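Read the single chain below, which is given as structure tokens and is the form predicted on its own.
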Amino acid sequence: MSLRGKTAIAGLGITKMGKNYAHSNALGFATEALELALADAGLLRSDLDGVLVNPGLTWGSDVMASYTLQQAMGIRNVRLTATTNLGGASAAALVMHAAMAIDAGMASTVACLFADAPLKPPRPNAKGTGGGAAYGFARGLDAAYGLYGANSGYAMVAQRHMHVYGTTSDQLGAIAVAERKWANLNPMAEFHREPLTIEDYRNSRWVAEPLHLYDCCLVSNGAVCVIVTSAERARDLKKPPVYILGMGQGHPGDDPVETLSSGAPMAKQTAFKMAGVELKDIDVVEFYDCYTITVLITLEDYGFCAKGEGGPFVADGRIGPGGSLPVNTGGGQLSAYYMWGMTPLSEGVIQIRGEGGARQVPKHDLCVVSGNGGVLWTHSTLVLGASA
């Protein structure tokens, strides 16, 4: 039996983002976001019976982050808990876990949360400390030859896309510029007040050629939490329900440098079939954008343009404000904030609710949200709607 419209997102909590040192660790940001989400929904801690957490890089060795959060919040009688990590595909995976558990009667109201605190306050005369930049990406001979970390992995994907299809640096830059225009309309964005031109993009330093600085996502302290409950209960709460119409995952196991593709086609097929929608029905798109090349390949993989045509597709401004396909309307991870898969999910909730302010798209009944982990290794899809 289909899960279409049986559950909904009823609460959203977003902390201040970026160089935010209000808390010394990820757990502090997590408790703040959870409180904000409960208040947004008009719920109490005692209403929760599920806690699902995607820990960021800085929860350390706490493999039971969801239980740690439960204890920190003093939540009792939890019936569903888990700590999940599919990289940036985790946020949608948490929502799927919550929706299935609620439909199965295993829980009624579930918090799904991501938190991270990689940035530390400046210290005079302090030296850099390396840290976990490779984030599990150092593997075998690749690492031995100096190819490790997400930057170099996505640079290889971008370089090959350019080689095979003739994609240009300026076409990737068009994605960065479009998302910055959205961020300039979003008061919560880290780059709310800083415009970006294609000349700025061209002149920015290389990170891993062909990726410039502005091809790469931000690093942010903060947390985002969503509350998932049954559609029936959500209709009686404080904010308009954001219905979960379709959901799916895709993890091909191929080498994306060779395929120039992700798990999006698999995840989309499952999610769109469940939702009963086609691509032409989608009003607003919130795609995972750790790098500009991720957006380009995801647009191709979902079928908004043919494989290899992503460069010309984005070059004319169609994905920016006023364009025919609104993509990453809050500024995304490139210009708003980097909360893994919670960045596109949170903006999807905001758009469906009609709470986007200056960046609100006129038609916002259906939104597709993507999550992406590793170097195009894992993928998740949610179709969200204003109506069940």
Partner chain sequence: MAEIVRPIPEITPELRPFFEASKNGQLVVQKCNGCGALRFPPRRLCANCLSRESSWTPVSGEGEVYSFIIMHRVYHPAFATQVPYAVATIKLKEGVRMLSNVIGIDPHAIRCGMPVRVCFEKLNDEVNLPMFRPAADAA
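These numbers come from a predicted model, not from an experiment. Residue numbers count along the first chain shown, from 1.
What comes next is about the form predicted in complex with its partner chain, which is not displayed.
K.L.:
Mark residue 269 yes when one of its heavy atoms lies within 4.5 Å of a heavy atom of its partner chain in the predicted bound form, and no otherwise.
P.N.:
So residue 269 does not count as contacting its partner chain.
K.L.:
Do residue 216 and its partner chain come within 4.5 Å of each other in the predicted bound form, heavy atoms counted?
P.N.:
Outside the cut-off, so no.
K.L.:
Against its partner chain in the predicted bound form, would residue 208 count as a contact residue? Criterion: heavy atoms within 4.5 Å.
P.N.:
Residue-level check for residue 208: yes, a contact with its partner chain.
K.L.:
Can you check whether residue 104 is within 4.5 Å of its partner chain in the predicted bound form, heavy atom basis?
P.N.:
Answer no; every heavy atom of residue 104 is more than 4.5 Å from its partner chain in the predicted bound form.
K.L.:
Sort through 155, 86, 188, 299 and report the residue having a heavy atom within 4.5 Å of its partner chain in the predicted bound form.
P.N.:
So the residue touching its partner chain in the predicted bound form, by this definition, is 155.
K.L.:
Counting non-hydrogen atoms within 4.5 angstroms of its partner chain in the predicted bound form, say which of 201, 304, 148, 243 makes the cut.
P.N.:
After the contact test, the surviving option is 148.
K.L.:
Decide yes or no: are 233, 365 and 388 jointly within 4.5 Å of its partner chain in the predicted bound form, with each residue judged by its heavy atoms?
P.N.:
Verified in the predicted bound form; spot residues all out of contact, no.
K.L.:
So if I measure heavy atom distances to its partner chain in the predicted bound form, which of the stretches 312-320, 270-278, 114-122, 254-262 falls within 4.5 Å?
P.N.:
Within 4.5 Å of the partner lies stretch 254-262.
K.L.:
Within 159-177, which residues have a heavy atom closer than or equal to 4.5 Å from its partner chain in the predicted bound form?
P.N.:
In sequence order, 159, 160, 163 come within 4.5 Å of the partner.
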